[in-house]
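One chain comes next, on its own, written out as structure tokens in the form predicted alone.
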């Protein structure tokens, strides 16, 4: 494992644990969402009256944050900046886990390189919102600030490795490919890299237990995923149907 066997072992085990919590936690949360009763027809109006309309509404909500656009244009700008940059960063970082690298990931490299800067700007805007908007500050918990500070730490440490103190990206890729194949390779010992990887692992660990879970949760929101047809079709939750069967038996 090279010159830093202890460092390599610590981060290898950390990422195995972080991935297990991340994947297992998300799977369990989705299972909970799927089995949670939705006894009322409560789509936010104006709502679509067909299933195709619901799909279109969810598409606009997930990709373009339609409701946020209607509610607050300034916050929409920072939210889009943050999330779009995050997607570019994730696509760019896929090169560390795939060999050979797909064309899409290769094409995203120059854009993802600068997306870290816009990611930090978006996070700063969202943090300023929580600090300076009284009604948002009132409902903000300490964890809300800490998560944004964590994202800022991830972004700034990533920027430093790209523009200030470059790291051995070949060694980083070898490390992560080694984790996948259970053939551990030495991890470069750059301080910025260790901070970056430590914060990313922390993000993976807390994701299933935090408000960040709105990413998959939006698909299970009854205010968004329901057809507005209460007059045409009676809405009965699955548990209520089962109860009716037992009572009529």
Partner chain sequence: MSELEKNAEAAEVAEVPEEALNEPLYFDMEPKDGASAHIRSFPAVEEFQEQLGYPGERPENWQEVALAKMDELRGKFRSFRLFLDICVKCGACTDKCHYYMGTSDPKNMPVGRQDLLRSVYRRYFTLPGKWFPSLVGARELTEEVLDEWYTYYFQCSECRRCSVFCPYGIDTAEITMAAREILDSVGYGMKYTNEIITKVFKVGNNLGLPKPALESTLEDLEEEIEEDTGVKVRLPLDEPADILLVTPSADFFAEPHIDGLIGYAKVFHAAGVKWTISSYASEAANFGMFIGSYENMRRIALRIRKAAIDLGVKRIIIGECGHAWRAAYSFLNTLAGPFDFLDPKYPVPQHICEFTWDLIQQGKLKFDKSQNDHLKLTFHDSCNVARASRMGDYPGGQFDIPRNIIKAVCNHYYEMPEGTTHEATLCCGGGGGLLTDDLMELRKKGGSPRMKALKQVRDEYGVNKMAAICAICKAQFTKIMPEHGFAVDDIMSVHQLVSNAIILPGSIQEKELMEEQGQAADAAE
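Bear in mind the structure is a predicted one, so any value in this text is a computation, not a measurement. Residue numbers count along the first chain shown, from 1.
What follows is about the form predicted in complex with its partner chain, which we do not show.
Per the 4.5 Å heavy atom criterion, its partner chain in the model of the complex is contacted by stretch 130 to 138, the sole one of 166 to 174, 130 to 138, 86 to 94, 106 to 114. Residue contact with its partner chain in the model of the complex: residue 218 places a heavy atom within 4.5 Å of it. Using a 4.5 angstroms limit between non-hydrogen atoms, residue 14 is distant from its partner chain in the model of the complex.
Interface residue remark: residue 146 is counted as part of the site for its partner chain in the model of the complex, having a heavy atom within 4.5 Å. Taking non-hydrogen atoms only, residue 189 never approaches its partner chain to within 4.5 angstroms in the model of the complex. Among the residues 213, 194, 200, 54, the one placing a heavy atom within 4.5 Å of its partner chain in the model of the complex is 213. Contacts between stretch 148 to 168 and its partner chain, counted in the model of the complex as any heavy atom lying within 4.5 Å, involve no residue at all.
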